[in-house]
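One chain comes next, on its own, written as structure tokens: the form predicted on its own.
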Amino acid sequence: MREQAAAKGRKILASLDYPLRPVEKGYANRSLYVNLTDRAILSKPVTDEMKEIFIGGRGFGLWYLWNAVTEKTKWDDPENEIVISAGPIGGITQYPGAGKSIVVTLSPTTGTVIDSNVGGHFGPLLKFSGWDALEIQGQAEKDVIIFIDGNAGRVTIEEAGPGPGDSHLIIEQLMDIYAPTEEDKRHVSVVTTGTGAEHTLIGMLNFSFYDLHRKIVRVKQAGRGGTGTVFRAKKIRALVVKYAGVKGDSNGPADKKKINAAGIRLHREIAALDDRQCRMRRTGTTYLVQIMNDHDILPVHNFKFGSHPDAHRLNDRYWRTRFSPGKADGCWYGCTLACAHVAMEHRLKTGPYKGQVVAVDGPEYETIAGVGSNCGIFDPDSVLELNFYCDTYGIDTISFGNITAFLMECFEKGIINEKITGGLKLTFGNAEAALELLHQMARGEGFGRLAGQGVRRLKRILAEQYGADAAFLQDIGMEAKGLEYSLYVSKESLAQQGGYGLTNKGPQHDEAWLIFMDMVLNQIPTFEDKAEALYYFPMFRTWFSLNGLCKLPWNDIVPADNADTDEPAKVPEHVENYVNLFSGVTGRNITKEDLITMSEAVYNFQRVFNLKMGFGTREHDAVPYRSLGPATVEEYESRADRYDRQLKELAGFDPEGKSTEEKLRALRKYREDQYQRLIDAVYARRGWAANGVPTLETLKRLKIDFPDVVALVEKHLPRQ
């Protein structure tokens, strides 16, 4: 490889040769540490205690980062790390959705730890190359590429040299270098980002996989919290891993029969039931658009509304005609749920690549709702264009959609104008303006440079520099903890309000999605019921991020008789599958209750991590009022019958003869009180004090009562 790099004019700055050895029971039993400042490359042992308490994936990332940073560390300090880990189950080929990687770092937008779950081939190939995690610290002087050759047993830090700045071009270039043949491309995965990550705080990472059927390289995104921005601050051009030889037993499982049995059961369900349930193999998560619109949950015009008459233009009926048909679309081997669709031959109409014909991965539901309906854009070609450019620029579509929608509302309210935006007419539905804003963000120019700071900073800037009403901006700026909202309207689901507000990293749906249980099916009517759901489901979903798994095979396909079980929302048969997968891979005999305990330890450790970084107490679980209820007269009057009825039946307030402003104030008082009561119930169920800090008893029960953890928590617990 030294000769190959030299032949391409690439200078090797440091290298490590390491012994090859097989993965055993899901673990390589070592992690790769790279320090870009001093060019150190080290092998670190993975201890039994790490495997027992932190499991893998997000857990390993949190543990390494905890030991790398102090309470004073900022996201762009050299000591901040990016940690990528797949987890013990990650990389199996028998069960759908087992190709995930989890990225952990300190976030530019939140100031605390962020984790992001991403598909693609990098995590599994990293593990089979001999590493349970990749831990990157420091900052290079010039752009570098980190290359891991898992067949040769060699890691190199290479000077990147001149090259393109956007993801699709970087990946093409690196594939030519590291995977010159068609066969090689199957065995190489690249992690990179684009120019947008350099000039905004909402940069994301693209993880590549090779599409054998279409003969193209495709990408999945670690989108949330600015992971790509950290990546570029460290002057990383790309990470490349190469490993040929993936087999059904590459994970070294303790009991392959258990894994096979669980996989066969789910594969049969998918084959028999997917077309009748969510149609993931046909249209992926786009099926959600129509369902969310029908239930008044689809965000429209910066979450003001939950539906729109033009939403059908973005639903799965359209995408079924647009996606490339008849091909396997799993982002890791063996995933028959195959939801990672691609739109081929989109001709770009704007930007630096105008006129070029490109393939666009997705769009997924979150992108459609974010850059589409939330911005009032119901033209699917514009959604595809925004999707492509966000991906290649390395910009998170969820954050971009929230930022743009927020600015559009500010524009229509007269808070900002064309003089401030540099001529951009940021009205709802103006796709041309949204695209120009995106291009400016990628260049770090014009109004886009300001927009790229994220909703939290924009609220402060607009109040301080342009005299906007800070309280109003707080009401309508859809972020919490500095992270922009995932794309579901939570106004009519108290449980989902808690599912967003009580997260560790900010309002992301991968922790708790309870709208249907709460709002549609009324399965959790009391505060205690909601608290129980906000205990169980965030813990259960955390487990996927510890093991390298995708959430979708859990409940986007369910057994035919699932509705007849005692707890259909939990999908008991699939929970049993996960118990068998974990024991089949690791050899640890566990119960379904153990899944929750594993996650509790990591979840509470992450809560304490927030304390370390200056967050993690009750005041930081506050949310913008629009996520609780109508923030404007326009919103209230759009659903006046609903809100009048709620005032009378629930709040004990007679709306007759009252002005809309009076009714707004009364409803707000009621809903904010409900939210505080929910917080009390959830904290009690999770074993936290009244200020949201895990108790010492909880730390001890979960075996995370390390001396530094206890000392930190003791400072924040309420005095008796």
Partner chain sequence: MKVIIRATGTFRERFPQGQDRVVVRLERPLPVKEILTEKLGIGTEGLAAVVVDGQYKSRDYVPADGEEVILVSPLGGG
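Residue numbers count along the first chain shown, from 1. Quick caveat: nothing in here was measured; it's all calculated off a predicted structure.
In what follows, reference is made to the form predicted in complex with the partner chain, a form of this protein that is not presented.
Hey, in the model of the complex, does residue 556 get a heavy atom within 4.5 angstroms of the partner chain?
Yes.
My question is simply whether residue 564 lines the interface with the partner chain in the model of the complex - judged by any non-hydrogen atom within 4.5 Å.
Yes, contact at 4.5 Å.
Is there a heavy atom of residue 589 no more than 4.5 Å from a heavy atom of the partner chain in the model of the complex?
Judged by the heavy-atom cut-off of 4.5 Å, residue 589 is well away from the partner chain in the model of the complex.
Taking the partner chain as it sits in the model of the complex, is residue 214 near enough to touch it, meaning that at least one heavy atom pair lies within 4.5 angstroms?
Heavy-atom contact with the partner chain at 4.5 Å: absent for residue 214.
In terms of non-hydrogen atoms within 4.5 angstroms, which of the given stretches 521-529, 380-388, 577-585, 403-411 touches the partner chain in the model of the complex?
Answer to the contact question: 521-529.
Complete contact of 62, 602 and 614 with the partner chain in the model of the complex (any heavy atom, 4.5 Å)
Contact check failed for every one of 62, 602 and 614.
Residue (of 318, 466, 353, 516) lying close to the partner chain in the model of the complex, criterion heavy atoms within 4.5 Å:
So the residue touching the partner chain in the model of the complex, by this definition, is 516.
Among the candidates 471, 560, 271, 357, the residue which, in the model of the complex, approaches the partner chain to within 4.5 Å (heavy atoms):
Checking each option against the partner chain in the model of the complex, the one that comes within 4.5 Å is 560.
Partner contacts in the model of the complex for 258-294 (non-hydrogen atom within 4.5 angstroms of the partner chain):
Stretch hits, in order: 273, 276, 277, 278, 279, 287, 288, 291, 292, 294.
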